[in-house]
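A single chain, nothing else alongside it, follows as structure tokens in the form predicted alone.
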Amino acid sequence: MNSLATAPAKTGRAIKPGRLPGNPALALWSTPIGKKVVMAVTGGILVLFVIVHMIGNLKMFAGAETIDAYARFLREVAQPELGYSGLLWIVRIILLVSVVLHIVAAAQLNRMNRLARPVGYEVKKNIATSYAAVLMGWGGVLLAIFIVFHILHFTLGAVGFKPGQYEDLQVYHNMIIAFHVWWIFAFYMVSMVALCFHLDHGIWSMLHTLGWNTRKNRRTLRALSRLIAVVVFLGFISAPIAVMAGWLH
């Protein structure tokens, strides 16, 4: 702890003794590497959820009975120990905490990086890196908006449906109605493009932060992160396109 207290900060100023929190977890959180670790761990949780959610959505192609039964299963699993929807609410709370920590860590890390470089470099910037950073920033904002809309839309039926259209646990019925509305379809598609870019860069950054990449496997892991992003993208857009095209009705 003493070595941490006297180590130079990212801003170039020495951290005075006693500046770091006494709690090891808070001390780690106050550092750039700590925030990167939090982003990597929460990002991993969210990536896992996105993949599982995509697989669940693909049950649309098996018909209304299959995907509606899946929706009921998610609420009835772990009964009677956890009660109706008990496990689902635990998962929702974990996801909510992960999203909040991910966003806060990203915003604070971005601020720390700006403070560490108040004057722009005189050398030419890496265009690819800058482009990825911009996409991650704006893509993250769009995804945050989409998450709120998605919950209000499909989970609560509070927006995007005319009175009497939304039916609880009738996932197939609700998705058919929803994706026949052009602006919902368009917003969903644009959000999935943002998700694809976010996953592509985010999975690679997560693997890098956790130290899993080496010179030997770097290309493989880079290709893997891109493959996961593309597969998730195609999986999520398949049902809306099928509905809009009339293949699912």
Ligand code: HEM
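In this text, residue numbers run from 1 along the sequence as written. Note that this is a predicted model, so its numbers are computed, not measured.
There is another form of this protein, the form predicted together with the named molecule, and it is not shown here; the text below is about that form.
Taking non-hydrogen atoms only, Met39 never approaches the named molecule to within 4.5 angstroms in the predicted bound form. In the predicted bound form, the named molecule stays beyond 4.5 Å of every heavy atom belonging to Phe149. Interface residue remark: Phe49 is counted as part of the site for the named molecule in the predicted bound form, having a heavy atom within 4.5 Å.
Proximity of Ile176 to the named molecule in the predicted bound form: non-hydrogen atoms within 4.5 Å are absent; the residue sits far from the partner. Contact check for His102, Ile203 and Arg219: none of the three has a heavy atom within 4.5 Å of the named molecule in the predicted bound form. Between 28-36, 187-195, 220-228, 205-213, the stretch whose residues reach within 4.5 angstroms of the named molecule in the predicted bound form through a non-hydrogen atom is 187-195. Out of the listed residues Thr155, Asn113, Gln165, Gln79, Thr155 is the one that sits within 4.5 Å of the named molecule in the predicted bound form by at least one heavy atom. In summary, among the residues Ala71, Leu109, Leu87, Met136, the only one with a non-hydrogen atom within 4.5 Å of the named molecule in the predicted bound form is Ala71. Residues Phe236, Pro240 of 211-247 are found to place at least one heavy atom within 4.5 Å of the named molecule in the predicted bound form.
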